[in-house]
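Before any questions on binding or motion, here is one chain by itself as C-alpha cells, the form predicted alone.
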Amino acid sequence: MRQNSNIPKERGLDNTLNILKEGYLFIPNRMNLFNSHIFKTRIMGQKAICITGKEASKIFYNPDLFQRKGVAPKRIQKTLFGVNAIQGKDGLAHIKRKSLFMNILSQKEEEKIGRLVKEELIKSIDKWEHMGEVVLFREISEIICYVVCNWVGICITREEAKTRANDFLRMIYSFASVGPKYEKGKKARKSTERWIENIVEDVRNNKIKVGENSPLYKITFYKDTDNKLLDSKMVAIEVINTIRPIVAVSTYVVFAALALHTNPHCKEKLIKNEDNYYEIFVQEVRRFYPFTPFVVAKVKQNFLWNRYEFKKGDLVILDVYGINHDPQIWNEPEKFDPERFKNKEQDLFDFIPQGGGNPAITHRCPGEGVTIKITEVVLDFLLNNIDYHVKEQDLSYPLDKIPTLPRSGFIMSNIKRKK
C-alpha cells in the first residue's frame, strides 16, 4: 500500500501566498510540475492534499467520505458565505436545508427570474442610448440585484439596487483579498445582514406582509432539523445566500458578452438557435472562463483512493478550474468551442463550474439553472434587442485574481434599440 508520504509534496513551510500570487493556476501549475493528479502542500498553516480529475471529483462529492463542517475559514464566512451557513452543513442538516433552496429555485422560478431580467433590460435601453458608455458588469449587476431582491420578497427601488449590488459584489470579490478590500467585504456583509435581519423581524411581527410562496417567507418560517425556526440572523444569512449567488451571475454574463465579441462566428448560430445553441454556448462559457477556482472539504473517515491513504481530518482541495480545463476530459480545452456540448451526455463529475454531484444531496450549487437562464436572456438581448459598439479596451482577465473578471467590465458604446 502506498502511504501519504509517497504523495508529491510542495516545498515550503506555508504556500498561502502562492495561492494569492497564482490564483486559478496554483493547483494546475503543481499538477504539471509533479506530473501527478495529487500533491501535498500547506495552506493557512494546515496540511492539505490537492486533487484533480474526474475520479477525484467523484470521491470528493461522496458525502460518506467528506464533510464541510468546520472547513471554511472564518475570513470566508465573514465575507462570502456567512457564519454557520448552509455551506458548512453535513448529513441530514445539510440535506434538509438544501431542500429549502432546491424548492425556492425551481424551474418555474428560474423562468420567472429570466423574464424579469429581460423586462428590466428592455426598460434600460432608453437610458443606455443616452449614456456615452455602458459598463455591462455594473449595469447588469444592478439589474439582477433589483430583480432578485424583489423576487425574494424584499422591495427595493432601482436606485437602492445600486448600493445593494455594490455590497453583494464586495462580499463576492473580497474573500480572497487582504487589507482594505477585505475589510470592505466584511463591512458589506455586516450591513447587509443587519438590513435583512430587521426585515425578517418585521415579517415575523406582521409589520411587513410577504406572500407565502416568496423565498423570504419560506426561509423566515423554515424549521430546521430540531423543528425550530432559525434565528433572525441566520435567516438573514440564508436570504443573502439566495440573493448573492444570483448577483454573482453578473460575472458569467460579462464573460458571455466577451465570448460573443471574440467569437463572432457564433452569432449566426445563436440567432438561429438550432440544436439549442444558446444553452451549449452558455455551458461553454461556464467551462471555459474562470469562476470557482477550487473547493475544500475534510476527510470524514479513513479511506483508500488509487492506493493513497486519506485519513480522517485531512484537508482536501479539489481543483475545479483544472478539471474544467483537463485535456483528459476535454479535447483542446483552451479553445472556446460550444459544439463540444452538442452531444455531450450529462456527467455530474467532469463539468463542475459550480460544484459536482447531485445538487439535492451534495454541495453543488442549486442555482445552475438560473445561471444558465439569466445568461441566455442577456445574450438574446445583446443579439436581438440592441446594436452596440465595443471600443478598444482591456478585456483581459487576470488568473491571479480570485474571483476574476475582464478588467474593463466590458464597455459598450453607441447603443441603439434595434428596429
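Quick note: we count residues from 1 along the sequence shown, nothing fancier. Here the structure is a predicted model, which is why all the values come from computation and not from measurement.
Missing here is the form predicted together with a small molecule; even so, the following discussion is about that form.
- Between the options 281, 175, 291, 137, the residue in contact with the small molecule in the predicted bound form by a heavy atom within 4.5 angstroms is 291.
- Screening 192, 242, 220, 124 for any heavy atom within 4.5 Å of the small molecule in the predicted bound form leaves a single hit, 242.
- Mapping the unseen interface onto this chain, residue 365 counts among the residues with a heavy atom inside 4.5 Å of the small molecule in the predicted bound form.
- The small molecule is not drawn, but in the predicted bound form it has a heavy atom within 4.5 Å of residue 354.
- By the criterion of a heavy atom within 4.5 Å, residue 98 is counted among the residues contacting the small molecule in the predicted bound form.
- Although the partner is absent here, residue 94 lies within 4.5 Å of the small molecule in the predicted bound form, judged by heavy atoms.
- Between 60 to 68, 387 to 395, 22 to 30, 35 to 43, the stretch whose residues reach within 4.5 angstroms of the small molecule in the predicted bound form through a non-hydrogen atom is 60 to 68.
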